[in-house]
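Take a look at this single chain, the form predicted alone, given in structure tokens.
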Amino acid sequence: MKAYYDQRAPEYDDWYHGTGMHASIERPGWHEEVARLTRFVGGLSPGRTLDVACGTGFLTRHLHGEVVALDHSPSMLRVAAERAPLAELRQADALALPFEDESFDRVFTAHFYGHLEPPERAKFLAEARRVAAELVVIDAALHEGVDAEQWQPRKLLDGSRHVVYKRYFSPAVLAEELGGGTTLFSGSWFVAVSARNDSALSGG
């Protein structure tokens, strides 16, 4: 999947904008909800934030405070460098974060957690809890006619074909998986949940 996202970087934002290969997809209210989502991200309290799997920086640019944006894909990071010039960019593995314990106030991640299979989820959550007191996860909302878990065939503009693991969430299910949390955003297309790391907050 890492190769897929590296190849997808030049066209990734077509998904947000509803252009390119996504132009013909019926998504009622999509553009309005993307606008709401970006306003929500911009309204998060400033702090030292690690954006994991930042991709092209589409949402990264709306984060306030000191932002470190991490992605495994150099192609994604090249786009993010233009999109979010004030962020510090790092190429690294999201499942083995190259930071000391409690280095950040918040780990933020969008449309990454839902691609993780069970062993990867456990690694990511352990790493997120290690480096920050708060984790904010944005992902795809579960809606009628969509299976909560699926393998999706995908084709890129270069003609290459890929199969991608993808999950969709209700806010309650996502919060439960994160060990308990607060719903920050609940829409037809996106959900966002915040989970606190009590051990980090208490210094334990």
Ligand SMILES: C[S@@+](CC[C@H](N)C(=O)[O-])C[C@H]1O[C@@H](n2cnc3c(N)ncnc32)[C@H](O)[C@@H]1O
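Small disclaimer: the values here were computed from a predicted structure and weren't measured. Just count from 1 along the sequence shown to find any residue number.
Below, we turn to the form predicted in complex with the named molecule, even though it does not appear here.
Contact with the named molecule in the predicted complex, defined as a heavy atom within 4.5 Å, holds for exactly one of 67, 135, 174, 59, namely 59. Checked against the named molecule in the predicted complex, the residues 83, 72, 123, 130 give one hit for a heavy atom within 4.5 Å, which is 72.
The named molecule in the predicted complex is not approached by residue 178, whose heavy atoms all lie more than 4.5 angstroms from it. The closest non-hydrogen atom of residue 88 lies beyond 4.5 Å of the named molecule in the predicted complex. Taking non-hydrogen atoms only, residue 54 approaches the named molecule to within 4.5 angstroms in the predicted complex. Among heavy atoms of residue 101, none comes within 4.5 Å of the named molecule in the predicted complex. Interface residues of 1-37, taken as those with a heavy atom within 4.5 Å of the named molecule in the predicted complex (partner not displayed): 1, 2, 5, 12, 16, in sequence order.
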